[in-house]
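Starting off, we have a lone chain in the form predicted alone, written out as C-alpha cells.
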C-alpha cells in the first residue's frame, strides 16, 4: 500500500497549482471574514475529493491493467483510496483549523474551541461523502461517475428543500430546533457520529472491494 500512496502523492504533486489555489482561496475567505466553519468544511471536502481524482487517473490509458500486474491486490488498491482520502482531507482539516484559530486569536474572538469541535462534525460528514463517492467512481467510471455525483448532490438538495418546505407547512420552528441543538453537549454527539462514520466507511469499503473484484481489465 505504501507504493500506491507514493503514486497518488506524486499524482497530486502534478496538481500542485490546484492544491495551492485552494489553500490561497481558503486563506482569502478567512481574510474576507467568511463563516469559519464553512471555510473549514469547504477545504476538507475539496481535498478529500483528490482521492476520487486519482481513480480517474488510474482508469486512463488502461492504467488498471498495468497496476494489477504489480504485486498489488484489489483489496489493497481499494483500501489505499480510503486511506489517501482520509489523510488528505484530515491534513487539510488540520491546517485550515490552525489558520482559523490563529485568525480568531488575532481578531480577539474566544470561540476557537467551539469552531474546532463543530468542524470535527463536518470532517466526519466529508468522510461519509467520500465513502459514497469511491464506490460510485469505481462502479461507473469517470464520465458516469460525474453524472452520478450530480444526481447525488441533487437528491441531497431536494431532501433539504422538502425538509424546509415540510417544516413551513407543519409550522415547525427550525430556528428553535437549532438553538435546542446548540444546548446539547457536542462531545457525545460527535462520538456517536464518529462511530456511525466508521461503520459507514467499513460498509463502503466492502462494497468497493466487491465492485473492483468484478471488474475486468
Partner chain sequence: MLLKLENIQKTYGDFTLNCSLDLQPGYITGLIGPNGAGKTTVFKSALGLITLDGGTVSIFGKPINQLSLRERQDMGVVLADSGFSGYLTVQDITRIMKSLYQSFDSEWFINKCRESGLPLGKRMKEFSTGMKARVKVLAAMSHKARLLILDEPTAGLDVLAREELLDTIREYMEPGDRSILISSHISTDLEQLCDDLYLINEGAIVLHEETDALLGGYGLLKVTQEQYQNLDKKYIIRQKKDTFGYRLLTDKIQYYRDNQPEIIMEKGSVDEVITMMIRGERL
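Worth saying up front: this structure is predicted, and the values here are computed from it rather than measured. Residue numbers count along the first chain shown, from 1.
This protein has a second form, the form predicted together with the partner chain, left out of what is shown; the following refers to that one.
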Sort through 72, 101, 83, 125 and report the residue having a heavy atom within 4.5 Å of the partner chain in the predicted complex.
72
Can any non-hydrogen atom of residue 200 be found within 4.5 angstroms of the partner chain in the predicted complex?
no
Do residue 61 and the partner chain come within 4.5 Å of each other in the predicted complex, heavy atoms counted?
yes
Using the partner position in the predicted complex, report whether residue 10 sits within 4.5 Å of the partner chain, counting heavy atoms only.
yes
Residue contact check: residue 65 to the partner chain in the predicted complex, 4.5 Å heavy atom:
yes
Please state whether all three residues 115, 118 and 188 have a non-hydrogen atom within 4.5 angstroms of the partner chain in the predicted complex.
no
